[in-house]
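Before any questions on binding or motion, here is one chain by itself as structure tokens, the form predicted alone.
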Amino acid sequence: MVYFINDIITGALIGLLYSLVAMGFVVIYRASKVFNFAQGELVIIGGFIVWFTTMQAGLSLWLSIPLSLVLAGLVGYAIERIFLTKLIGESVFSMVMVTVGLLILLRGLVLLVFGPAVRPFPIIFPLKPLFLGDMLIPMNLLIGGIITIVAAVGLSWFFNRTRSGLRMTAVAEDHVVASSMGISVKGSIAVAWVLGAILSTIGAMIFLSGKSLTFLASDIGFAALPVALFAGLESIGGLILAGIIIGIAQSLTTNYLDPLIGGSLGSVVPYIIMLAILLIRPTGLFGWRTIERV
């Protein structure tokens, strides 16, 4: 029973890590109505920025972490200005296809600049786990879970209670209408990409702390995809519940069903849950339903 509870807690914390990465999807979508397929690549770019400022530049964590977040925000801003600002007012399909191209381009740039070599990632969070009786809880996931909840509360307040957040939501509804109302469409989308890049970098620090850094770590973006679609692409608070459900389901399947069937069902379960929810509710568990007048 102790191991079972431990697996549930660990799965929930892993799910919260997925939720943090999925916040990048949701923030960008809520401000631009664009699903960013390159979110995983933003995670790995953020990871390499942290690695460079810490391991190569030799800065202390107190300096490298804030600097890395600023640099990641600038990368997000540059991506939006170079690739997306010219597409304002164009079809959503065009902007989505640009993010698919970004996925390929950014992964290629990472390989070109840093190569395929495996590098040690700096230890951001304590390696020693937290012991609760016979249970063992990784500190990076525990601290990351707290950060995820705080970020979800802060972003929910920002989008629902501030004028800037409400403007970003209005931009997502219709670029042309928002622009005619005096809202800066370019500014709103740029802020969303800055926030998305910063969230991705925080996720990279939690995910990679004390581990190895390689371009393959960008696959966490696809691991977080079921959480974003399960919760609904407009719901930030819903990501917490969705992440916990998917994380626990994946953990229990990996630890108890995979040994019995000799397969990798645990890696597929999140997508099965996602598809089941989308069949019942296409907008996701907490997504907004669009009402159209005829």
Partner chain sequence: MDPSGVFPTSYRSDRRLIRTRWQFLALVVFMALLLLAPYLVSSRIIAILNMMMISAVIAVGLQICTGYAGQINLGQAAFMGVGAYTASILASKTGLTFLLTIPLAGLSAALFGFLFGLTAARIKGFYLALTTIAAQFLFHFAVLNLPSTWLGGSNGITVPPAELFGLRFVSESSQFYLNFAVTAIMVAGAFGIVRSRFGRAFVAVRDDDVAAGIMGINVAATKANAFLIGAFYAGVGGALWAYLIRFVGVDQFTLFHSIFFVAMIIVGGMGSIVGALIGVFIIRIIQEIIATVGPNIADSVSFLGGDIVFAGMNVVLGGVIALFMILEPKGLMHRWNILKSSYRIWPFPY
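Positions refer to the first chain, counted from 1. Being a predicted model, the structure only gives us computed values, none of them experimental.
The form predicted together with the partner chain exists for this protein as well; it is not shown, and the discussion that follows is about that form.
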Assert contact residue (the partner chain, in the model of the complex, non-hydrogen atom within 4.5 Å, options L233, A31, I244, I49) equals L233
The listed residue (L63, V70, V268, A57) that reaches within 4.5 Å of the partner chain in the model of the complex by any heavy atom is V268
*Determine whether any heavy atom of A12 comes within 4.5 Å of a heavy atom of the partner chain in the model of the complex, and answer yes or no.*
no
**Message:** Is F222 near the partner chain? Define near as a heavy atom within 4.5 Å, in the model of the complex.
**Reply:** yes
Taking heavy atoms and a 4.5 Å cut-off, does F114 contact the partner chain in the model of the complex?
yes
Exercise for the section: Would you check, heavy atoms only and a 4.5 Å threshold, whether A151 touches the partner chain in the model of the complex? Expected result: no
In sequence order, the residues of 96-125 that place a heavy atom within 4.5 Å of the partner chain in the model of the complex are V96, M97, V98, V100, G101, L103, I104, L105, R107, G108, L109, L111, L112, V113, F114, G115, P116
